[in-house]
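Form predicted alone, single chain, as structure tokens, below.
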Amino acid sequence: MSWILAAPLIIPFATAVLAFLFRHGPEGRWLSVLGAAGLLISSIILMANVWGQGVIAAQMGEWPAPFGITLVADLLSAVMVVITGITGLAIAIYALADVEERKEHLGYHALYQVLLAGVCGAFLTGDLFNLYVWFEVMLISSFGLLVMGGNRQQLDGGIKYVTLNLVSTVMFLTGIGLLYGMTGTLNMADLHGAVQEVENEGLLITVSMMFMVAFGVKAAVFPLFFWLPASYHTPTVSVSAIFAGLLTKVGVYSLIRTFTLIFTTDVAYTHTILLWIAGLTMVTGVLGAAAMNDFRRILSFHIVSQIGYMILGLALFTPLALAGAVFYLVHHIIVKANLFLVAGVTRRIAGSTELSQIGGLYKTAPLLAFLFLIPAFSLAGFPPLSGFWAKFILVKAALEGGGYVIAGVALVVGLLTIYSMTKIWGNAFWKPHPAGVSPKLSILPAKDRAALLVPIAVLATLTCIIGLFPEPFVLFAERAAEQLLNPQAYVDIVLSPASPTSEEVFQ
């Protein structure tokens, strides 16, 4: 059954090829939906196996770890692949009514599938060099999606996006080279033990800082986040939504993976820096959101702010805090992608996402207003939605660890998040439209309306389910945190000679 580790990579790549071949017809968009559905099914099978059997690993090629290419899935990897499948399918359906034919002919759906493959690869790889490779796959496909259309605003945002990501790449590669020079391996499970034998602790700490900066750029943490609000509001809504939901989370995932498995020799130093980064990221992100007056720009700054909560869970480095980080990751991907999808529908029927130019949606489109309130309340942390439990776990972990100041910061940032969400509500939904028009969902063709609203409704329902029935999700997060803090099972499975090779995987 080890083929299930490769399936989340093979399915989107195969779909990308087919979608590119059929990009001039309607078949391409439906292939994209089918491919995303296949990815979701394979990810659920993977999750079921990891939940039942524990960590699973396979060696690609005939080289055993630590020399070959390893694919490995623990609970954190598996849930990130599942959430990629859910978000990927929702946005693939949304794109049926959102992406112009001109962009489909340019290969939108093929690039979208390559992006999904890159995200899944980053979650499933077991070595640092292939993590770099998957980052490059994501960077190339995301840059193509970002500038597709070619208007000036997109190109400006795309240049900032790719420039900062190239800086991150250089930093990452340099860190990889130095780490390999010190330990002779790049396999993450092998590095867990190898770094313990490094005598030059100062150089090891320096390398860990390089990884922190490289992944910090990807995650958009303070002070490396400015590329995100400059670029995420420029492309097609479907692209903004998948970026908002998934891309920064790959950076957060990489920070969690490396700073629980590899760089744990001086936790007091490295994780104190992460704690400062978490607090400053939360504060600067939410202040930026409060200052903006465009729907998508506010949401973009909220991504930065919410990343701070996830880094807080890693920085506190306790079982409860890491469980909170895992819970927050899952909750936020669903909620943030959904809010961008709502912003897209708002623009379709009201004509803009600039808050001063729209209004009246509560009266003329009450269904859209209701579908906005669920993820908005969840993002702000209203009970009993998923965001409440995510924030509750992290604040509780901070208080139990004596972090009263950072707990206070988290609570104040939550209040400011409510303020910025009420600004969207007050302008876009509550006040009359400044031009006196009545934006209604009925102006959309029926098939477009279904393609746009069904994914929003499904994601909102998932948010409600997580919030109303949090126990199984908290239990899952606790087990994932336990695996992260006690990675011996991960190390043993990856380095075991019994791990299947690619020949056995595909038999």
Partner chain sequence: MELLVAIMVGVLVAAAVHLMLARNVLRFLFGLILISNAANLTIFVSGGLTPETPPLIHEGDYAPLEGAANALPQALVLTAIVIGFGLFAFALMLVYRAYQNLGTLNSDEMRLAEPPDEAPPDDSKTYIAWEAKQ
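Residue numbers count along the first chain shown, from 1. This structure is a prediction, so every number in the text was calculated from the model and none was measured.
There is another form of this protein, the form predicted in complex with its partner chain, and it is not shown here; the text below is about that form.
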Open item on the list: Considering non-hydrogen atoms and a 4.5 Å limit, does its partner chain approach residue 383 in the predicted bound form?
Closed with: no
Open item on the list: in the predicted bound form, does residue 177 come within 4.5 Å of its partner chain, counting heavy atoms only?
Closed with: yes
Open item on the list: Check residue 431 for me: does it contact its partner chain in the predicted bound form (non-hydrogen atoms, 4.5 angstroms)?
Closed with: no
TODO: Flag residue 163 as yes or no: does it have a non-hydrogen atom within 4.5 angstroms of any non-hydrogen atom of its partner chain in the predicted bound form?
DONE: yes
Task: Three-residue site 87, 92 and 120 fully in contact with its partner chain in the predicted bound form at 4.5 Å by heavy atom - done: no
Open item on the list: Within 4.5 Å, heavy atoms only, which of 436, 150, 202, 223 is in contact with its partner chain in the predicted bound form?
Closed with: 150
TODO: Identify which of 234, 270, 125, 258 has a heavy atom within 4.5 Å of its partner chain in the predicted bound form; exactly one of them does.
DONE: 234
TODO: Counting only non-hydrogen atoms, choose the one of 112-120, 226-234, 393-401, 261-269 that falls within 4.5 Å of its partner chain in the predicted bound form.
DONE: 226-234
- [ ] Go through 130-161 residue by residue and record those having a heavy atom within 4.5 Å of its partner chain in the predicted bound form; state none if no residue qualifies.
- [x] 132, 133, 136, 140, 143, 144, 147, 150, 152, 153, 155, 156, 157, 158, 159, 160
